Ligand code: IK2
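Starting off, we have a lone chain in the form predicted alone, written out as structure tokens.
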Amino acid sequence: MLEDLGAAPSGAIVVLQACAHNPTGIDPTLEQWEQIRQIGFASGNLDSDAQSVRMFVADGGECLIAQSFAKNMGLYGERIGALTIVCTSKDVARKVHSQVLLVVIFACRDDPCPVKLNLIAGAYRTEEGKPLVLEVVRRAEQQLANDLSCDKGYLPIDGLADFNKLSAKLILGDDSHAMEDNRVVTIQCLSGTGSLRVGAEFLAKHHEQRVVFLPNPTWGNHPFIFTLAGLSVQYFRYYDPQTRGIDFQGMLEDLGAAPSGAIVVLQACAHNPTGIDPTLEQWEQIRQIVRSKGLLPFFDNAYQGFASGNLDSDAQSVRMFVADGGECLIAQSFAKNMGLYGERIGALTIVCTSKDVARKVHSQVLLVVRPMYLSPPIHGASIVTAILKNSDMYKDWTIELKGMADRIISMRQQLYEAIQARGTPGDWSHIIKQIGMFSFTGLNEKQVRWLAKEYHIYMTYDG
């Protein structure tokens, strides 16, 4: 060990297990740890015995520590841990941290004004600005807490089986021929973001085309997700700043010019960040171009039920593609429509051309997940499953969901009427034409900065 570490190139990363070595069960003594420390340092998995880690931290050098509470708290299925990065200075630590946070979020957080308003995050809030916990979710959690047969064990790599089946049924419909034909692969993932990332990694390994087309504009995380997976990101026209509506002709032209086999990311409903969705007639034209060009659609379905208040209506675009028998991927999230933001619960569904292809796809997706996070968390999946399995709870959920969607529509109308009442110059009808939680207001960066400075209202600089 000492010889190999001594021969490693300068700056190389060395992974060290802090204690209870997996799989041998053999740990160095403290004296041996000191000899290892003198050679070089890297990351460890902190468990009950932290002496080896603290020895490296005490010398003032850098190190990374991957921490897990699966074993020492028995929280296997909760998937809870932490990454700690020890830096050489406070300034370095600040730079490491700031790279993963938006400047605008920092500004809002540090603003001392008691009536500041953060419009950056795509999250539903009450009149008091607090996250809403649905009553049906509280009931489901109480039901789980009272069930002594529930434990915190690891889920399988692909997650909770009932959750996967019910999630696929929710987006594909009760009468889905693809599900009847066993052409559908669904795995539980870490909300919509994790579903997109697993899908992107799978495509990077197994799809012949390595280019993905995103709408311009799109959710800010989309380019990072697909780029980090090793795919080349390009864009198709989507938003027309002149009309503050969809640039449909430009969209069709760009998709028509995309290379055969290219991946196309489409948002199923309540487009983030514009709030503009194609009509059903436009979706049919999009479908025809996608299929005629041999493109692979990858749907981001983060807001089912949030656009119209109806789960089936908001799934029509996806079902249109599935019904033609072609392939597609669907990233699903229950963050918005069940208010489970912090549970990180979602699903990746891959619709295949045959049962045999689906079987092969399933085995390959598991190989993507295993080194990424091993298995998904159990709690959120159990909540969603409890609600979707019980007809009374499901009905109550749809009522609460429609209540949230109707409130968003009402707030758009109120904002529009208030702007009109003040005689504000320009046409603001796009506010009520757009749908869901997002809106491109038409404000420019200078105006956005002025709103933050004068009225403590924070939004992204593109308006």
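Remember, it's a predicted structure, so these values are computed and weren't measured experimentally. Start at 1 and count along the sequence shown; that's the residue number.
There is also a form predicted in complex with this ligand; it is not shown, and the following applies to it.
- Interface residue among 366, 228, 121, 372 relative to this ligand in the model of the complex, by the heavy atom within 4.5 Å criterion: 121.
- A single residue from the set 380, 77, 192, 297 has any heavy atom within 4.5 angstroms of this ligand in the model of the complex; that residue is 192.
- Only one of 300-308, 151-159, 179-187, 230-238 lies within 4.5 Å of this ligand in the model of the complex by heavy atoms, and it is 300-308.
- Within 4.5 Å of some heavy atom of this ligand in the model of the complex lies at least one heavy atom of residue 196.
- In the model of the complex, residue 335 approaches this ligand with a heavy atom inside 4.5 Å.
- Proximity of residue 33 to this ligand in the model of the complex falls outside the 4.5 Å heavy atom cutoff.
- In the model of the complex, this ligand lies farther than 4.5 Å from every heavy atom of residue 164.
- Taken together, 169, 394 and 397 are entirely out of contact with this ligand in the model of the complex: none brings a heavy atom within 4.5 Å.
- Contact residues in stretch 437-460 (any heavy atom within 4.5 Å of this ligand, taken in the model of the complex) are limited to 438.
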